[in-house]
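Presented as structure tokens, the chain that follows is alone, the form predicted on its own.
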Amino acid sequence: MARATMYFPDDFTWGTATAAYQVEGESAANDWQRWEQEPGRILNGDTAGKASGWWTDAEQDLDAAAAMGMTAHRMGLAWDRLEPEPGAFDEAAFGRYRQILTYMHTRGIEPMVTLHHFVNPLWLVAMGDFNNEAVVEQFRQFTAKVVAELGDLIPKWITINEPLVYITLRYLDGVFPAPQKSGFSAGMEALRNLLRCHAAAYHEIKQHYPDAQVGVAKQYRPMRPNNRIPGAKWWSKRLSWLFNDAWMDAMTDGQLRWPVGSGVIDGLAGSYDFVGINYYTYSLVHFPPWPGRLVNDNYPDNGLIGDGNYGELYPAGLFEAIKWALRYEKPIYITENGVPDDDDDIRPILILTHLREIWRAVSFNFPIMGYYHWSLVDNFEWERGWTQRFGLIALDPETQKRAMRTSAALYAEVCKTNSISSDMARKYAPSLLATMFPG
């Protein structure tokens, strides 16, 4: 078989991603910390505890990232740490984040910072959080303080992570911390206020740092009907529009559309500088819809499935996501992509096959600027606790001991050579040779 190498552009960004609550540990006054104390909320009764120990020693994993040749990392800020009471900011917490961000720069790692990643301060929950329009001004003020204290260190920003995932899991499925109101109508109300929060944060950042790049991390998920009943294809398309398109279309022209709402949100139109794509898998859509369940978690037996039936590896869906993002005529970053795989037997396959799809897009001159693998280190995986391991670096949450997985070695080769190759496939995922590098 011939040897082949697929190169990426010289300025392509290679990184990883984490979220504050999932890696920092030692957290207190937020809705997730309270939620995980309630029996039955988290698989196996797990708690975040020390998480991945980042609040005291993020630097050890950042050292590992630099050694692997990464040039970027996406990290989150904990709103509850920085503003434990409304209007009362913790200067020591800002100081710790400044330490971490400065350290990233010294290691040649460009920060991309997320302002909201699924977690709310308890005081915000008490006031109704995203079902209370007052949240917009609260989020603007929080953003303003972050910009004032840390903005000089942050060239790229994510305002909101996966807004439709957040709405689905919190308001419809009930597996995220419960809001004061739940159900579809409350979820759409929250979505409107999330859009307003994004617009407020975007303009706050750009006012002070006009060259900063600001966007959202939007999960894209192909929707496939699970049968051929008349109407199933139409229903899948409607769910796809709501999950994939509604947010981005609103950010593009400022216009709300049914069922999200109606009218125009001031300052929303054009309020993004890039499209951030989080991509993992596809969904099978029930038709007729099952009460309380819109999609199917059962994937084909012949596919590669992430731990805990997380989802089937479907690399073509990433190319689909990239083509979808082209309509917005902005640079594109893959802000998350990964698989829960404690044994690390399918993660190398995910990395190579999904990067192949990105390389295909680059070969068509699509504006793909970078890739952030989820995740750098094993983390507390929300309601799934410690049962799903996404890290290139394996972690024992009790001892905090780390071990580099085989996929970390693969990703290091990718980052350092700016390429994927038949030699990598032969070394890390030989079953891919025939499909990735035929001939």
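Don't overthink the numbering: it's just position in the shown sequence, from 1. What you are looking at is a predicted structure, and each value in this text was computed from that prediction instead of being measured.
Just so you know, the form predicted in complex with a small molecule exists too; it's not on screen, but the next bit is about it.
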Only one of 249 to 257, 275 to 283, 123 to 131, 179 to 187 has residues with a heavy atom within 4.5 Å of the small molecule in the predicted complex, and that stretch is 275 to 283
When the contact criterion is heavy atoms within 4.5 Å, does residue 54 count as touching the small molecule in the predicted complex? no
Mark residue 411 yes when one of its heavy atoms lies within 4.5 Å of a heavy atom of the small molecule in the predicted complex, and no otherwise. no
Taking the small molecule as it sits in the predicted complex, is residue 236 in contact with it (heavy atom to heavy atom, 4.5 Å or less)? no
Would residue 161 count as touching the small molecule in the predicted complex under a 4.5 Å heavy atom rule? yes
Identify whether the small molecule in the predicted complex is within 4.5 Å of every residue in the set 118, 336 and 390, based on non-hydrogen atoms. yes
Let me know the one among 79, 310, 324, 97 whose heavy atoms come within 4.5 Å of the small molecule in the predicted complex, would you? 310
